[in-house]
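Below, in structure tokens: the form predicted alone, a single chain.
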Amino acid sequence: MISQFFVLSQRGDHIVFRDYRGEVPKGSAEIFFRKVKFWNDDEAEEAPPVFNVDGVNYIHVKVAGLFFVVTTMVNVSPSLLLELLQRIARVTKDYLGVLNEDSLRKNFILVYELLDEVIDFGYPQTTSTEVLKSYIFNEPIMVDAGRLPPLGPAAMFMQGTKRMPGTAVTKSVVANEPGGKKREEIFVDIIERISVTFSSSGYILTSEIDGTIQMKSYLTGNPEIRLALNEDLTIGRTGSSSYDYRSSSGGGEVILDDCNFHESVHLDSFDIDRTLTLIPPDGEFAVMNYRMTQEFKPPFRVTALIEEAGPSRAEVLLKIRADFSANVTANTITVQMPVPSYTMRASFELEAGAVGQTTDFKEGSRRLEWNLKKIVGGSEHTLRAKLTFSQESHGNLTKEAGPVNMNFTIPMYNASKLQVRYLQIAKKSKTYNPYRWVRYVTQANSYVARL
């Protein structure tokens, strides 16, 4: 089924390469990298996850700046191979603690040992971290994550006023702490991806939340865990809008459209008191996935306006208002707005006293880009831009510009109000009291404002 598997760095260097069948011509990794790098010279467009070159199918995902790629000569389900690549990346991270080029190079023997068990002659066998423990004997060489750039939102999680320990998401499931002891702790992450579309007048046209409860356990003996959610949690739409849209904190019934659970979760008492019982497997896994379309308060209000300022000029006004508590801070905000294809130049005017903000005009893709390092809840930020055209606009600016797209990450905030009431671990002794970390993060999936 799978002819080759390889991992490439951002520079195109081979880090891992395994040829299972010998049917794909040599140089496939170089062909793949050149195709991805020069996919479209005219547009700032990324290569699709699946494409074909000279009869060879290339399927890839990009994780932590690395390309995980498989090749095949036959017609295989792309969804299957994309899921397999994601799982290989996840298992590798479970064993190495941190996933990047340095950790892969230092642990290449362990990585090849994992690949030999995960894929046999091109056929996937297992991607379970727990099952693989019986067959993997090499110890990982730990990489100091403190000097590495943070990967994803996990590095920005906060617990009250204390920052998460540096080892929170960079520990291997098989390596011990210095001194031979293993720190007893468990991490539960509630991650939500928001999709919202605003009309030109600011009304919400569509809104949806895709959420997941992720768990990573470092508990010895795999004790039983009880995870309690909101008592007023309802599964399935009832037709009435009982969620308190006007309230930004607390109160209101949480209504999920649908959800699914990990195979290790027992739902005996879920209908009674909304408690999940499970014995967590090794590694990181999704306890529960859920979807919500009930009305919720969007974290940001985006206002965009473009109007003519002369025969070949126009002015753009972008305004962002943070509609969440002042003790919450959003990070790594990016706002992008396509402009007419005949735009030649753009000049920007930031608000007075703006700190940590940058602007840019991407000539290749004809779009404005506004980056903000952080936004504190309750604040409002404005950007003005003056556009110069190579021809007259003929009054069709709103049709030729936009929509505005926004990306962000908000630690310790969740829009659905789904909460973990308590995390109970079966005690092995009176002194047994492992560390428990419950963390929340909200990210933009598709956050769009029309002009």
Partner chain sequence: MAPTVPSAAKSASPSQPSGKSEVADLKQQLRQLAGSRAPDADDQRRDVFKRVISCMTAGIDVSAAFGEMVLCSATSDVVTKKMCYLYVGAHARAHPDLALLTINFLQRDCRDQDPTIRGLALRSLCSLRVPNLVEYLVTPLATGLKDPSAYVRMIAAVGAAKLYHISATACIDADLPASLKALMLSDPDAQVVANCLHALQEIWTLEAANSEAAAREIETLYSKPVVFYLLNKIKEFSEWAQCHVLELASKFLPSDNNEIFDIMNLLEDRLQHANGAVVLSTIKVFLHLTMSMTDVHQQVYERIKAPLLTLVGAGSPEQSYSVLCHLHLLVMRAPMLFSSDYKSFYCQFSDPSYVKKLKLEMLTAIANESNTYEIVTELCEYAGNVDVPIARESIRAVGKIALQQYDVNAIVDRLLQFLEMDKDYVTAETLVLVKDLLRKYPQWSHDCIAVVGNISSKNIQEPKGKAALIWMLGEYSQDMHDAPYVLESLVENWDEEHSPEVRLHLLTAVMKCFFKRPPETQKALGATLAAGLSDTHQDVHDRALFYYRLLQYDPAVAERVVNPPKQAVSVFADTQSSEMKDRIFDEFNSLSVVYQKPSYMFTDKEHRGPFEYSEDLTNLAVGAEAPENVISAQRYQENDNDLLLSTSDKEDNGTRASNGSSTSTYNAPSDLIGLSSQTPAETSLINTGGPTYSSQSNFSLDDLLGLGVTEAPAPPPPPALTLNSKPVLDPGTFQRKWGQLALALTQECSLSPQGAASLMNPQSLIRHMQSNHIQCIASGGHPPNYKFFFYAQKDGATAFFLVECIVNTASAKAQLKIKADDGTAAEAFSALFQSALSKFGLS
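Between two forms, the rigid core is the largest collection of C-alphas that superpose within 1.5 Å. Residue numbers count along the first chain shown, from 1. Just so you know, these numbers come straight off a predicted model, no measurement behind them.
There is also a form predicted in complex with the partner chain; it is not shown, and the following applies to it.
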* **Contact at Pro140, Arg384 and Phe408 by the partner chain in the predicted complex, all three, heavy atom at most 4.5 Å** => no
* Which single stretch, out of 353 to 361, 73 to 81, 92 to 100, 220 to 228, brings residue heavy atoms within 4.5 Å of the partner chain in the predicted complex? -> 73 to 81
* Look up in the predicted complex whether Asn57 has a non-hydrogen atom within 4.5 angstroms of the partner chain, and give yes or no. => yes
* To do: Would you check, heavy atoms only and a 4.5 Å threshold, whether Val61 touches the partner chain in the predicted complex?
  => yes
* Decide whether Pro298 counts as a contact residue for the partner chain in the predicted complex under a heavy atom distance cut-off of 4.5 Å. => no
* Might Phe261 be said to contact the partner chain in the predicted complex, defining contact as any heavy atom within 4.5 Å? -> yes
* Asked: Of the residues Leu305, Ile279, Leu267, Ala309, which one places a heavy atom within 4.5 Å of the partner chain in the predicted complex?
  -> Leu267
* In sequence order, which positions of 85 to 111 have a non-hydrogen atom within 4.5 Å of the partner chain in the predicted complex? -> Gln86, Arg87, Arg105, Lys106, Phe108, Ile109
* Asked: For Val420, is the C-alpha shift between the shown form and the other one 2 Å or more after core superposition?
  -> no
* Cα of Lys373 displaced 2 Å or more between the shown form and the other one, core superposed? -> no
* Asked: Is there a C-alpha shift of 2 Å or more at Thr275 between the shown form and the other one once the rigid core is superposed?
  -> no
